[in-house]
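Given next, in structure tokens, is a single chain: the form predicted alone.
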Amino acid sequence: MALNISPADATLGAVVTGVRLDALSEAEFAAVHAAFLEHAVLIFPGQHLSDAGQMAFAGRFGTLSIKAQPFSNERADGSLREPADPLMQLFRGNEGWHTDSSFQSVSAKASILSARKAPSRGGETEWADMRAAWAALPEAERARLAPLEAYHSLYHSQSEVGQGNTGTRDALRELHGQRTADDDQPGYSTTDADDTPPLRPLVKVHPDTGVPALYVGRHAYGIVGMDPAESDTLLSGLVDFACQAPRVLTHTWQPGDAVMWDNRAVLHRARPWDPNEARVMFHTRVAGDPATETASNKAA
């Protein structure tokens, strides 16, 4: 079967079939890369990638900041984590719209997620097109937002779902404990709650396409020069405006599916599922280019 790219009905996303991600030819990779830049979210059904295969595919897009990170409510012994478990609270936070690694000094370029076990209902992932959202704003609003910057913090966003700094640190340690032996990257920091958070613009110009996009989400807070309440209202209003049809794509997972997305162009979120069912996902993340993804207050 030849490579086929079928755009979704939304303003973002495409389903890609007819290829094996762990055995792409140079021509196939070039087509996938072009589709990634155009559609921002690519869904690859039925790949059943091995850990090594997923890491090799992701590595063709750049340096990996996270190589082999399971996101799972299932413990090694097969038991399921209770809703009050710190890691489950971290997962609950991920049900809010966000972009990966915006709370770190260098934010993420791409994320690849594959499904090992999927619940019978719920647990979908959704993506929202921040390019189309920016284009849909009135010109005067774009001019007002263009110079603004906000801080980004995982500890701030987790506090919004009731998890304090200690609980968030505990959850990150649990998350790191799930990683495979293949992952020698530092992953998420468990100490940066005490550091100055990264400062990022509310609009990001894509370094490869030149297309501007809103750069907001649950990790963003504290717009510089703005009253905290006014900042919260503006940021939440932008997310509410952006994350609606036709700018939202939803994927219902089947075991073996793989999806990659462009963190410089979209927000994403997980949807709730029955905690009595296993949801086992495998995550690989491509680091952003330090020249374009380093926070303005973290540059050397």
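For every residue, the number given is its place in the sequence shown, counted from 1. All values reported here derive from a predicted model rather than from experimental measurement.
What comes next is about the form predicted in complex with N-oxalylglycine, which is not displayed.
At the 4.5 Å threshold, heavy atoms of residue 204 stay clear of N-oxalylglycine in the predicted bound form, well away from it. At a distance threshold of 4.5 angstroms between non-hydrogen atoms, residue 242 is out of contact with N-oxalylglycine in the predicted bound form.
Taking non-hydrogen atoms only, residue 71 approaches N-oxalylglycine to within 4.5 angstroms in the predicted bound form.
Shown alone here, residue 124 lies within 4.5 Å of N-oxalylglycine in the predicted bound form, counting heavy atoms only. Here the chain stands by itself, but in the predicted bound form one stretch of 165-173, 124-132, 146-154, 74-82, 124-132, has heavy atoms within 4.5 Å of N-oxalylglycine. In summary, among the residues 43, 249, 270, 235, the only one with a non-hydrogen atom within 4.5 Å of N-oxalylglycine in the predicted bound form is 270. Highlighted residues 113, 279 and 285: every one comes within 4.5 Å of N-oxalylglycine in the predicted bound form, counting any heavy atom. Contact annotation for 98-116: residues with any non-hydrogen atom within 4.5 angstroms of N-oxalylglycine in the predicted bound form are 98, 100, 113, listed in sequence order.
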